[in-house]
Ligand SMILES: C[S@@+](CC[C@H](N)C(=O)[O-])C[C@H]1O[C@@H](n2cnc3c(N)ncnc32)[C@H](O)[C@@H]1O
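Starting off, we have a lone chain in the form predicted on its own, written out as structure tokens.
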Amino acid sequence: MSNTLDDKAYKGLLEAIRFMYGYDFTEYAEPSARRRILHFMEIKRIDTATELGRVLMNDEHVFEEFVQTMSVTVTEMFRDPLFYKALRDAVVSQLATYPVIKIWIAGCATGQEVYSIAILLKEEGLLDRSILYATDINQHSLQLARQGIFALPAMKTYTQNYLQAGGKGAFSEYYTAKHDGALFDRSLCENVVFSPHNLATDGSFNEFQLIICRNVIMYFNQSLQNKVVDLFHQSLSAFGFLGLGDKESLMFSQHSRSFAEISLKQKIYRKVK
């Protein structure tokens, strides 16, 4: 099988997907998107983009697998613990001033980040008056997120992350070991709305005091990054907070002056205009 994908075939495939399914991958960072497509072709033993297009257009189940390949699902609970520590130290006290706290976790993948935020809010006494909107393009990931069952061997890493993030209790109290999985307390997701949302094509759907979108826009080209940051700017309340991944920045965004840096190192910003 050829390990290349010429420009015409690449663009034609993405346009066909956009036309057929409404999923727009045309502004994903090209090197990453090409790698993912070629990886999928290798797994499925498909030799050409034309053949791949034919399969995707005629089999929705295969297309769902393709979306899973194109979306990023690598995550863990309290990933980058100092980010969560900064949220506790610099953001939580401000969130506490709102009678109802609305939080959008965009690109939530399989949900580890959602449960991490829920635990943090619970420990700070804010979970009962918070509504978390957890969205992702990947329906399979959302299904796993709803279940709240994660690999038991990962709990060692998650516990270390939790402690470094300033956890105030025993992490093991939040889950029950079940076979080879850890089932997280259902009370953590009572105020969570899991829903599909495509950052490339879908618009704003609420006003939020905090938006977290970490390690997602790094896979987009500059044009789509600008579009997504604009979406977040529209969706944030006055003086709302935005959290990005450690390799992401607002530096080149058209809204760079609309945000103040709360923690430059942890990429936490506040909307100021």
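Everything numeric in this text was worked out from a predicted model, so none of it was measured. Residue positions are given as counts along the sequence shown, with the first one as 1.
Missing here is the form predicted in complex with this ligand; even so, the following discussion is about that form.
> Residue 189 near this ligand in the predicted complex, any heavy atom under 4.5 Å?
Outside the cut-off, so no.
> Tell me, yes or no, whether residue 128 is in contact with this ligand in the predicted complex, where a contact means a heavy atom of each within 4.5 Å.
Looking in the predicted complex, residue contacts with this ligand do not include residue 128, since no heavy atom lies within 4.5 Å.
> Hey, in the predicted complex, is residue 198 touching this ligand, heavy atoms inside 4.5 Å?
Flag for residue 198 set to yes.
> Should residue 216 be classed as touching this ligand in the predicted complex when contacts are defined as heavy atoms within 4.5 Å?
Residue 216 belongs to the contact set for this ligand.
> Only one of 88 to 96, 157 to 165, 176 to 184, 134 to 142 has heavy atoms within 4.5 Å of this ligand in the predicted complex; I'd like to know which.
Residues of 134 to 142 come within 4.5 Å of the partner.
> Taking 74, 79 and 220 as the candidate spot, are all three within 4.5 angstroms of this ligand in the predicted complex by heavy atoms?
Verified in the predicted complex; spot residues all in contact, yes.
> Output the sequence-ordered list of residues from 111 to 131 with at least one heavy atom within 4.5 Å of this ligand in the predicted complex.
Contacting residue: only 113.
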